[in-house]
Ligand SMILES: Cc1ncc(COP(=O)(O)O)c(C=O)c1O
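The chain below stands alone and is given in structure tokens; this is the form predicted on its own.
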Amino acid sequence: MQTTTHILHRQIRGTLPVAIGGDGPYLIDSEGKRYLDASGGAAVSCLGHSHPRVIAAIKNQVERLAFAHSSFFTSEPAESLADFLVERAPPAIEHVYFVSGGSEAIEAALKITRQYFVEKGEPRRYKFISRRQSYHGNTLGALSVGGNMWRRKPFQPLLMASYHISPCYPYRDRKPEETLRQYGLRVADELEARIQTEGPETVIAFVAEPIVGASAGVLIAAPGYWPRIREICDKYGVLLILDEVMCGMGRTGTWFACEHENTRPDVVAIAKGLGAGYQPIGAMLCSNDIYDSISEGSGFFQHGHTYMGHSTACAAALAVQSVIEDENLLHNVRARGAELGEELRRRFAEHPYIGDIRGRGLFWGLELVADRESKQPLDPALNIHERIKQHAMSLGLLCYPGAGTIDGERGNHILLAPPFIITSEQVEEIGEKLAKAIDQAFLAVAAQL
């Protein structure tokens, strides 16, 4: 256990165990304790830890060339990775811009779509519409379009104007008389109403996660929602930016999460599962139409970062994606994901403090409540999500807790995103240890419930 540090950790109070090793889906600390990484960190470590093929790819690349600045050179790993991604991307997505993470990918998406309209002679378009309870990153542009009120609040004076509509949140917002499809269409129509209010000629894009991750605990849209969103965007010439930083690159059982919805983006952002944590990398992918407008106009994307297209990061990511394909791990995501869903429902379907169980592939969320019937959230002062995290770690399990699930202040959830290499036995281990952690956490606060 680290007792003194010069690192400015995100949580300044308290101490953290020191991670010294990884073994497949397990992390190992300096005291030899093993933790089943059931959240992949923050849905990052999709291949687990210490995969020999990825390590070899990194070593081989560093021995040849670690880095060359993208204003002077391209590189073989970057070109090969771009080819790999475009071959598997949604229709008409044919160009890739490599960055160092998810927030940078969203920043690039915001800038390229703005520049697209400037190049087209529509400079009055400057507004982005997104959804409440979304999360798109912590840089100022990404934070501006994000809808996580808790994250935004301290920095509000620094943020650009943004425009938010409701999330697609069937568990809480569907009316009793509505079918799921009716609800999905109703909430999608909020986008058209907002575009009309703001003026279609001023709106650049709608920004959204196909499946909302960290802010709301794996929210999957109702049937009909995404096709209607695409229809509205096309009607008003508004671009669709899909944030697949957390839910993409195989996490749901397909390369891109939007494949499940049969919905075509104009721009898509990816990151976490792209490099699986072996190197920092993200990417913004855009359509031919956007690329051609800039190519035939100024010929210069007015944006850049020092480490974009980093040779070693691209080599690592290409190895990660090749392993996923060669070992048919998307099949394992679907198979083990179905087992994980059944395991969670078996253990928690009747649990008095679990209100909703939702997920797709190896991406699952549990929403915590004080009362199942009324769906009343727990008192935020209980900090129940963090209590569950700590009890889980004591049992050798890593899960991803969240607070402010409903509106940035109320509501709690636990997110699970285990690696694609997970086995059936390890799915059971997740269920067993998480059940114990949840029961221990609620036992500790029983007098306050």
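Residue numbers run from 1 along the displayed sequence. The model shown is predicted, which means the values in this text are computed figures rather than measured ones.
What follows is about the form predicted in complex with this ligand, which we do not show.
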With a 4.5 Å heavy atom cut-off, would you call Ser75 a contact of this ligand in the predicted complex?
no
Check whether Gly275 has any heavy atom within 4.5 Å of a heavy atom of this ligand in the predicted complex, and answer yes or no.
no
Evaluate Glu209 for contact with this ligand in the predicted complex, applying a 4.5 angstroms cut-off between non-hydrogen atoms, and reply yes or no.
yes
Determine whether any heavy atom of Tyr135 comes within 4.5 Å of a heavy atom of this ligand in the predicted complex, and answer yes or no.
yes
Quick check for you: of 297-305, 325-333, 94-102, 171-179, which stretch puts a non-hydrogen atom within 4.5 Å of this ligand in the predicted complex?
94-102
Check each of Met246, Cys314, Met284, Leu219 and return the one that places a heavy atom within 4.5 angstroms of this ligand in the predicted complex.
Met246
